[in-house]
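As a starting point, one isolated chain is supplied in structure tokens, in the form predicted on its own.
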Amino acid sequence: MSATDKKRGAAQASLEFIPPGTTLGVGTGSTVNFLIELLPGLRDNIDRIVSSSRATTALLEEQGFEVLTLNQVNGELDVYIDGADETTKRLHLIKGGGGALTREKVLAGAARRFVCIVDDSKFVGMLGKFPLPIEVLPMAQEAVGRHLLKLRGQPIWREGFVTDNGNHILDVHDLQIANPVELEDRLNRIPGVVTVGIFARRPADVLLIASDDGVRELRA
């Protein structure tokens, strides 16, 4: 089964988590794009919809959805569906390869249920092979980078990329993240860090992993 077929299968499996009357949050990325293509078939189930990025908003509007802000839905989502760059069996994630990690983390934190959809290439024993994205204030980029070097990470500025929030991203290579919760907290305390791409304090509630054998479900 191709990677494309797996992503489509994971997206299809997530539709069962969108019952009638849902206020839905939609993430960002290639797997989520397959979900967006499928959402018109569940239009009657979706009461309101919120997006994690400008790119996702544009795709949803192409499908005829009116996209609201989180404030317009009183800061609450029934379900948030998004992908990940890495995930473990404990449903800890690395996210942010697409650069939308801050808004993704806000929506995940606002959701009663966070459903993560991935193909099996994203399932790992330990986080860190995928470079960890960290959104930083532009003025603090060098200062944050020095802190990261002390942690034995290798921060690389994602040149030519600006987040929807007007910030920069440092992709941190060569980390072995044995304790995601502790590292997430530690990195969040560095002045100038906006968001860390570790989703461990608020992990996924449901993980849908698509492989050649179909879609497997893990729960927290």
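The model shown is predicted, which means the values in this text are computed figures rather than measured ones. We number the residues from 1 along the sequence you see.
What comes next is about the form predicted together with ligand 5RP, which is not displayed.
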| property | result |
| --- | --- |
| Candidate site A84, L101 and E104: all three near ligand 5RP in the predicted bound form by heavy atom within 4.5 Å | yes |
| In the predicted bound form, T195 touching ligand 5RP (heavy atom, 4.5 Å) | no |
| Ligand 5RP contact at S51 in the predicted bound form, heavy atom, 4.5 Å | no |
| Exercise: K122 in contact with ligand 5RP in the predicted bound form, heavy atom 4.5 Å | yes |
| G97, heavy atom within 4.5 angstroms of ligand 5RP in the predicted bound form | yes |
| One stretch from 30 to 38, 147 to 155, 63 to 71, 176 to 184 that, in the predicted bound form, holds residues within 4.5 Å of ligand 5RP by heavy atom | 30 to 38 |
